[in-house]
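Each of two forms of one protein chain follows alone as structure tokens, named structure 1 and structure 2.
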Structure 1
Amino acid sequence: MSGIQLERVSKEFPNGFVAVDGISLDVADGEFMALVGPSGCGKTTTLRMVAGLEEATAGTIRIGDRDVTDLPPRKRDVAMVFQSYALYAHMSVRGNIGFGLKMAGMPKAEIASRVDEAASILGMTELLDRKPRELSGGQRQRVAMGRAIVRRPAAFLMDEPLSNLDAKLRVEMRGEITALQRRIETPTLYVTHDQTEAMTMGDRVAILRDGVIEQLGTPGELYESPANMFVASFIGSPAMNLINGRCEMVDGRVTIAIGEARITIPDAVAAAHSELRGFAGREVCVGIRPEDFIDVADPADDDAVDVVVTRSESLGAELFVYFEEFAHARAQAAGAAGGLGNVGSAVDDLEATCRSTMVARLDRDCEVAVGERCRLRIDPTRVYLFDPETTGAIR
């Protein structure tokens, strides 16, 4: 077994701040693991511990089957791409890319051929004799990548390598990096604060918050079954709508009441969530993804809510409709959020996620007008339910 393994790794800074709190992570050989989370959650710290730039205060780190916890960076056989690229300003592109090989004592001729190979893979052969300051941001990014791949290390570490690029280039490089990684099959730990990046690039994604992994899984798993409200609202764009509702049993069927609206959970879905029956008569937090709304005209239809559109945005292929429905439910949500204070830091996120403005993603040919009422059906099989007390998903 090779790859990168973190076992209950922690980092307590000298000032007593615990930035990483017992993280365990297993990046398989050839796997692309994205580490994502809000700012300050400890992503960079984790990566730096793997690189050896920061000491772990507890736990074990293994790379390619070696315990590297106590090794200096140079003995860990990792390559890292920095957010700032960290190019050596006084060396040419060639010198930058070949530096690691030179340090490894590789013969000059071999260095030259490896550098040329890396440069041609990245399509920058003609840039080899320039200095970093003579390159554009995107080109610098490539040099940083070249410096990493040329070493053929046991692991790649990347800390938001795309965040200094413009939006278009970023999307382009996303694809390039994943393709490159597939090709050379080196286990990669990729840090980003952008969930889209994590979801599109990662074989698996670890969601970090306050130094703890909230959930680890494939992008599909994270999207389909978020473990808690934090993950639910973090994954997906626009974010999942979270709102307070009530779980009721009507005629032996589980029904979720949100304000005036009633959503009947299909029996098969209810059966799959064994905990759900225990919530009968209790508050639950309801999560509805914007893409799970369906515009309907029929006022008699079930599983639907009446909304007043406050704003609509057309992106061409799709239409985002903003509304402030659930006025009644919103009041409850505020109350519930207050009651959640004892859940600790979860409450900040709740306030952000139980926001009053909700959004639905509709087809572009839906006819909605700002200020008008409109009836939206909710796909009852795609409703997410959370325990408002623990913020965990009801399973």
Structure 2
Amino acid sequence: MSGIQLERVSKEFPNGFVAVDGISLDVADGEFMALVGPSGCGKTTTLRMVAGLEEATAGTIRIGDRDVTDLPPRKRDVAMVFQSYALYAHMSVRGNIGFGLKMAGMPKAEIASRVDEAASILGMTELLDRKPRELSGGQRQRVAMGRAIVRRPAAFLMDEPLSNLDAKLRVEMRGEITALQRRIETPTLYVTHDQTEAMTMGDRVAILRDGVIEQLGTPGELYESPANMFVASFIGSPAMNLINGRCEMVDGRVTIAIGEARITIPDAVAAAHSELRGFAGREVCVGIRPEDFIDVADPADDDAVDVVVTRSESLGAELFVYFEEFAHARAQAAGAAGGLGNVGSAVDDLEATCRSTMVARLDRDCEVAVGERCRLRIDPTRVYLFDPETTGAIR
């Protein structure tokens, strides 16, 4: 057995706050697992419990074939890479990379061999005699990575290692870290608050909220099949548009009414969602990704809506158009639902994610101006539907 296993692991602090609530996670040998979620969701606490820096209140933690739940950090055979590089300013790169091995009493020849090997992997051989102050931010992060590599640990634990770098360097380092991890094939648990970072780096991604894993899957699975409204609104940039609508049956077909707009769900899509017909006559939350709007001019297109542009952002290759045409639909649907006031936290999720301001990602050649009307087609095969009472996806 190898990798990292967490089985029903929890962390409750003395004041009664539960930071992690019974999560189970299995990081396979050689796998890159990303933990992502908003601030305070429990991801760093989870990482610290695996490292032994926090004591687990309940559950079991295994690294490789060993139960390390009650072992001190030094006996867990893990290497951590932190947000801060924590380099010794008076030491050279060589000294920083090999410091942990020196403290462990390893022979000088072995230390030199391992440091040279790590420097070669990281492309830092010519920097070994420099001091940290002579390095760029990216080079300092490579030194921190080298310090972890030389230990040849059973697992890597990384806590937002790129957050101190500028945007361009973060993109470069994302590629370097994933390429390095593929090369050394060490199971890695990587914590980040950046969903783009998680989606581009992780073989699988675990999305945490309030100490619980909301969904675990490949980046493609999370994007295509979000389990609930939280995951749907968290994954994707810009975030998925979520707005209230009403499910109706018209001539035997499932339709979704959003204010004055009406989306007819293709029969094949409706058939693939066995729960959907049971929502006829009920309110639903409708999810539309910005990239699933299409600029059209045909006034007879039933799946098109007229919107008034309130803001536009050109990024060169694409255009983001913001509008609030559906603002009235949210208020109408919330009033019609009636029972929404009695479903507790689900309402908080609904109010937090269903918003009046929406965004569409259009072709860069589209000509729109703030204050003008724009007609957008909604791809009916790409509509996501959620139960407003449970916030779960309608399957």
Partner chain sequence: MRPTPAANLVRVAGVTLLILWSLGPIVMGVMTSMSTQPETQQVPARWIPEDPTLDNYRALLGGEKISSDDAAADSSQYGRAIVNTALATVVTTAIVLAISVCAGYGFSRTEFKGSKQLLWIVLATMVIPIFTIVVALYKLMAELQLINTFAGLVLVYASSTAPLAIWLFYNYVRDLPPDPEEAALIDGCTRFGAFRRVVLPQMRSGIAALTAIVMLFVWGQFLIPLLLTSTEETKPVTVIITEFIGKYTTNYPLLTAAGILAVIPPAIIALVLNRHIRGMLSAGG
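These numbers come from a predicted model, not from an experiment. FYI, numbering is relative to structure 1, first residue = 1. Just so we're on the same page, rigid core means the largest C-alpha set that superposes within 1.5 Å between forms.
The chain appears twice here, and it is structure 2 that represents the form predicted alone.
Where the chain switches from one rigid part to the other between the two structures, the hinge residue selected from P238, G278, A257, Q83 is Q83. Between-form comparison between the two structures treats the chain as two rigid units and finds the smaller unit turned 15° relative to the larger, from C-alpha superpositions. After superposing on the rigid core, the C-alpha of A89 is displaced by 4.5 Å between the two structures. Its Cα shifted by 3.4 Å between the two structures, D129 is reported here after superposition on the rigid core.
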